[in-house]
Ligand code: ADP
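Here we start with a single chain on its own, the form predicted on its own, put down as structure tokens.
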């Protein structure tokens, strides 16, 4: 094994076309420690594959296939790849075409199989590119290594089994080769294709880094670093050069899209340093995420998560009685609904649902609300946004809440959660007011501190 092992993951925009792939290959070429390369599907391909479930018309499905085929053949031609790469790509394309020649509806299991083709196509092209540049790289099918349960659409990884597969199949190759594999996809114990959910490529890379006891996990994307807030909302946002695992985890959970929320769990378990950088401008400083740093500002960043739903249940049965909350959360569990924030009074409970998640709108069904109404009066509020101030010691630092609420004295705040974590203070506002709130808070708590 090499003395230093880096796992490098390249996102969809980083491998979007031939020029983007060439930039990524150059990043790998200059660093021999990048031993495992994980790639996403080319930008837009997963959406095209997802659209196959929207029609049962074979001709419409074939039209989608043609778009995917044309996109990847164009990349192949622009890379001037050798004949072997073209042959390997065509094998995958032929398999995809065979899968879509049906008028049957796709269930979630079939969709996992279809969605896997995005990563399989991009990794085939990228492996050929690396070898063409003289980098000894071998294609590995992630489904042979990333083992999961059978929860199709959002599978849970089997960490111990992944480690065994990595030790047996991956480690021996790393002595002499680089390995190219796919993010997002895996397989269950029966060998059936599964996916880790949208954005799961980061998670795949982190799981491989954990199994390898890697020194560094690199996430290469289209942004230079993690910023103090979304620069599209606030042009004054500043790049963060270094932050802790705790801060990054809070930011990813509360809406920052640079990292998948699950990515940091494997890195934290093994204390693996994480680097986030731009594949477009690789020489510009990115963000290092580590366990401990010396400077821990009270407020590091501000995140925004749209499409939130607030459910408030009111019942006198809560008053001085036990068991009500158990009934409430059992109903939510029965409908596979996960809750983010919870506040309670003596006779009311308010909780937030992230309806920005795929499929969550459907789970908030009339049937679920009917079940809730059997135990309480229910009020549902939609078109809300969750804003989180992320930093350090927010549960024990004076002088934060006062200025915050003074700044927002004209804003209707629907829910506040403060004190449950030392790393965040969060609240709900109307979605139409959210971006203005973020700009105002960033100016007061971050821009003024820097200037």
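Note that the structure is a prediction, hence the values are computed from the model and not measured. Positions refer to the first chain, counted from 1.
What follows is about the form predicted in complex with the ligand, which we do not show.
- Query: Counting only non-hydrogen atoms, which stretch in 92 to 100, 216 to 224, 134 to 142, 68 to 76 is within 4.5 Å of the ligand in the predicted bound form?
  - Reply: Answer to the contact question: 216 to 224.
- Message: Just to be sure I understand the contacts: of 172, 231, 323, 105, which is the one whose heavy atoms reach within 4.5 angstroms of the ligand in the predicted bound form?
- Response: Contact check passes for 231.
- Task: State the residue from 298, 258, 111, 310 whose non-hydrogen atoms include one within 4.5 Å of the ligand in the predicted bound form.
- Result: Contact check passes for 258.
- Contact test in the predicted bound form: residue 251 vs the ligand, heavy atoms, 4.5 Å: Within the cut-off, so yes.
- Query: Should residue 9 be counted as a contact of the ligand in the predicted bound form, where contact means heavy atoms within 4.5 Å?
  - Reply: Residue 9 belongs to the contact set for the ligand.
- Would you check, heavy atoms only and a 4.5 Å threshold, whether residue 13 touches the ligand in the predicted bound form? Yes - in the predicted bound form, heavy atoms of residue 13 and the ligand come within 4.5 Å of each other.
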